[in-house]
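A lone chain, given as structure tokens: the form predicted alone.
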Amino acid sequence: MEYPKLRMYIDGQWIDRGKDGEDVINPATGKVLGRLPYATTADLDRALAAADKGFKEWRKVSPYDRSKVLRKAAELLRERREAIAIGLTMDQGKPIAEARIEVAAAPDHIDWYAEEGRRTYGRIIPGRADNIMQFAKREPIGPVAAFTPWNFPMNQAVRKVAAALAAGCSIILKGPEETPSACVALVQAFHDAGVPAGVVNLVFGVPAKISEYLIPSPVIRKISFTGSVPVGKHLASMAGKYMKRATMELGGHSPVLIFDDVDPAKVVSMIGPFKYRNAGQVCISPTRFYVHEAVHDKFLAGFLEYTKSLKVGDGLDAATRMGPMANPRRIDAMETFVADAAKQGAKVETGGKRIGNQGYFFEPTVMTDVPDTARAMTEEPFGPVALFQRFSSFDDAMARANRLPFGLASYAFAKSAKTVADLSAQIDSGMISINHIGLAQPETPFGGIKDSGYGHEGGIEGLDAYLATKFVTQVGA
């Protein structure tokens, strides 16, 4: 299988050369897939000029006609789904089945924004005199600088690009250098769908250099970032310095609350595959398992059985259920987290070690009796590690679940109507999924609170992030 050609895209033109660049590595084999060009300062200046020009043109296109272009891009992605998924698995590592799901979801996000963008309604506000007309209108905020991560290169990029374009904005997308092929394919679909030159631009390079060049530019009016908490805080402070609106979708450390009135086997069947999706490299990955003492041992036994059954290997093997970590840094992090927790008294029930010396594979890992002082319980592990503690009461569970500065996603399983109602009221996170896995649909808001960021992608909130409100009051003739 041939890996896609890697290019940047500026002002309607593909660019496959760069003064600097980096090799893209297959995390399953450690072998080079291709060479990715880096944007020069001149390239970034061209992208800024293009986004400025593209915005002035695109904002004048009616929402109805913008919608038709977006729908065409969605159909092209559907037609190219298999080739894109193969490239995504080659550079990111996730199993091909997961890559297909990620690519298949992208057109749904585009379709959602294509429809919602046609309904960017304002409102009439009654005046205090007969001859006063007052109304609030929604307008595109302007050119956007968007920064996307390596763990879901298609999923994260499409939300930003589709929402920006549906609102009438132009965008400069800084794609992930380690997993670039999906972003190249996404932009190709918009190009082929007829998006005017300058409306969408794609660049790669040293992340800090690009963000520090784009964010201060007077052309850029909006920042959208998905990534780690430390980097997000830095970019948010930079955006604040230049009075740029920002959406920050940052890291998490999701608790899972399992109460004593549920069927443990049923819960394992739902939460087990979700835990090890993308080798746990997911910002909403369930990580801290708080299990009621009455069902703890039975749930743990079932979870261990599932974990031990997982086939770990190259994502292009159809039998693989968990692929490699994305890079060597993640292997080092997992080994550090496991060693620290074990040193503090946690028990490694299964896993905990690197697999082989080719590629970046790590065993699916379960640890019990993990103390709150362990680094894995306070820092986002971002890997295939499940951390178990027992709890005895609802208040005990709430205290444990809410104790960290993260507030992205939470999960809970309970039959009691009172418990379910109390959970939705008392869990301190931007999202909670109760008795199923139901996050990140195109029509639902996705975002966190506290250190997990602010703003939303998805739903009407995701479109609103790219719109400004203008109030108009006028006296009739």
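The structure presented is a predicted model; accordingly, all values stated were derived computationally and were not measured. Note that residue numbering begins at 1 and tracks the sequence as displayed.
In what follows, reference is made to the form predicted together with nicotinamide-adenine-dinucleotide, a form of this protein that is not presented.
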task = Tell me the stretch among 362 to 370, 384 to 392, 324 to 332, 299 to 307 that has any heavy atom within 4.5 angstroms of nicotinamide-adenine-dinucleotide in the model of the complex.
result = 324 to 332
task = Quick one: from Gly87, Pro180, Gly227, Pro286, grab the residue that has a heavy atom within 4.5 Å of nicotinamide-adenine-dinucleotide in the model of the complex.
result = Gly227
ask   = Of these, Lys94, Arg221, Lys174, His292, which has a heavy atom no more than 4.5 Å from nicotinamide-adenine-dinucleotide in the model of the complex?
value = Lys174
ask   = in the model of the complex, does Leu250 have a heavy atom within 4.5 Å of nicotinamide-adenine-dinucleotide?
value = yes
Interface membership of Asn151, nicotinamide-adenine-dinucleotide in the model of the complex, 4.5 Å heavy atom rule = yes
task = Report yes if any heavy atom of Glu98 sits within 4.5 Å of a heavy atom of nicotinamide-adenine-dinucleotide in the model of the complex; otherwise report no.
result = no
message = I'd like to check something about Gln156: if you look in the model of the complex, is any of its heavy atoms closer than or equal to 4.5 Å to a heavy atom of nicotinamide-adenine-dinucleotide?
response = yes
task = Could you list which residues of 207 to 224 come within 4.5 Å of nicotinamide-adenine-dinucleotide in the model of the complex, counting heavy atoms only?
result = Pro207, Ala208, Ser211
